[in-house]
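Encoded as structure tokens, the following chain is the form predicted alone, with no partner shown.
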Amino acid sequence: MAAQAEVLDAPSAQSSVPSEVKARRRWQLALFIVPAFLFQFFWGWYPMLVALFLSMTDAPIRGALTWQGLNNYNRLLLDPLVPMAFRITLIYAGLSILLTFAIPIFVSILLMEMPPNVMRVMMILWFLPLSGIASTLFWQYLYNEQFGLFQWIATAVLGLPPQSFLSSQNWVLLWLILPSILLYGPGLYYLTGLQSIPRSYYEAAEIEGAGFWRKIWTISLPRLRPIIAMTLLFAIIGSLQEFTFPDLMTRGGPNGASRTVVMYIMNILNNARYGDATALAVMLFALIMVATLIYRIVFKADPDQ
């Protein structure tokens, strides 16, 4: 009888093992998910909801809140400096991505074609880390209209009349983007991606008679697509939030020609218009979200699609 009872209990013991494993897996998943959820809630969703609420109030530092409804947004829409700041931000972001994004990709591809010793030297020169403040002071010297190096090249070497550089309303954005063309960090990501591509792909393409540019178009660029997708998304978000470099170089001048949305938010905050500044930040957030959603729909990260 005892043996029969053991035989009868064996299936039930075996059937209880999967449920215990499932319970343990649920706890393990919870240990990973809950901290991430809490972090995202307190540092992402909750501040966003608070900002959305404060954008409809006067948002004083002290004292009771006064409900404003959509008055803050209406006031910003009637402010001529707001569409100007958004226009400058969009132009800056478009030029920055257009002029600075493709160059590091092809420079990385060309570096991979060089001999290893030459490639190491070029990588050191290209990716030499520089302090943000030091590089800003360096570019301020280059652009100085009295004794800057660019002014000397324009007048003494090329024989041109004195140039305005950062004082030109029509060209100031292009001069601000130029440093990003010459020094662009994400090229390291592209080099890493290129080094992960099996050499057999290129050898097979060479056997089929593919040339240098054909290999780039059919092998290098498609295999780099996931990295390009990530860096391009970061470039879009970062350029729409640009603040530090234009602020240090021009303070938004001349006549607001380089004043981005974030810079105008700071100007509003300095005037103690906290509700308006929060509303403008929400408007910028909406623009970034729309741009990100459009990008995610249009651009496919999978190289096999």
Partner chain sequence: MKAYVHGMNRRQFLQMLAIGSGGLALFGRGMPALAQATPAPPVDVQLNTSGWPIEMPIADAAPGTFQAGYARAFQTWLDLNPGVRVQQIEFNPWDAAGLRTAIAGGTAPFTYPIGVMGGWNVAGIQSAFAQGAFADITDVFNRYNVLDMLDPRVAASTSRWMAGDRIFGIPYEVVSSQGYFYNRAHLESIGMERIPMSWTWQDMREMALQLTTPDRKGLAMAAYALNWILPSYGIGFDGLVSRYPIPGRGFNWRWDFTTFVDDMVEGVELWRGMYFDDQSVFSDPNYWDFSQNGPLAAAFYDQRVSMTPGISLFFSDMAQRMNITVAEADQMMSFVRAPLGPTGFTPEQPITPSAWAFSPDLSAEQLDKGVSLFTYMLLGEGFIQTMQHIFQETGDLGAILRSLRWPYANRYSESIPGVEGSLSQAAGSNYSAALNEIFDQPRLPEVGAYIPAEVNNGPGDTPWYDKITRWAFTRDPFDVRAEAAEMESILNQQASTFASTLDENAFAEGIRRYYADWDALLQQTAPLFYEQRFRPFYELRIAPNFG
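Numbering follows the first chain given and starts at 1. Nothing here was measured: the structure is a model prediction, and the numbers come from that model.
The protein also exists as the form predicted in complex with its partner chain; that form is not presented, and the subsequent description refers to it.
At a distance threshold of 4.5 angstroms between non-hydrogen atoms, Asn267 is in contact with its partner chain in the model of the complex. Residue contact check for Leu99: none of its heavy atoms lie within 4.5 Å of its partner chain in the model of the complex. Proximity of Trp175 to its partner chain in the model of the complex falls outside the 4.5 Å heavy atom cutoff.
Within 4.5 Å of any heavy atom of its partner chain in the model of the complex lies no heavy atom of Glu208. Contact with its partner chain in the model of the complex holds for none of Gly69, Ser180 and Thr260, as no heavy atom of theirs lies within 4.5 Å. In the model of the complex, Leu81, Met84 are the residues of 81-100 with at least one heavy atom within 4.5 Å of its partner chain, listed from first to last.
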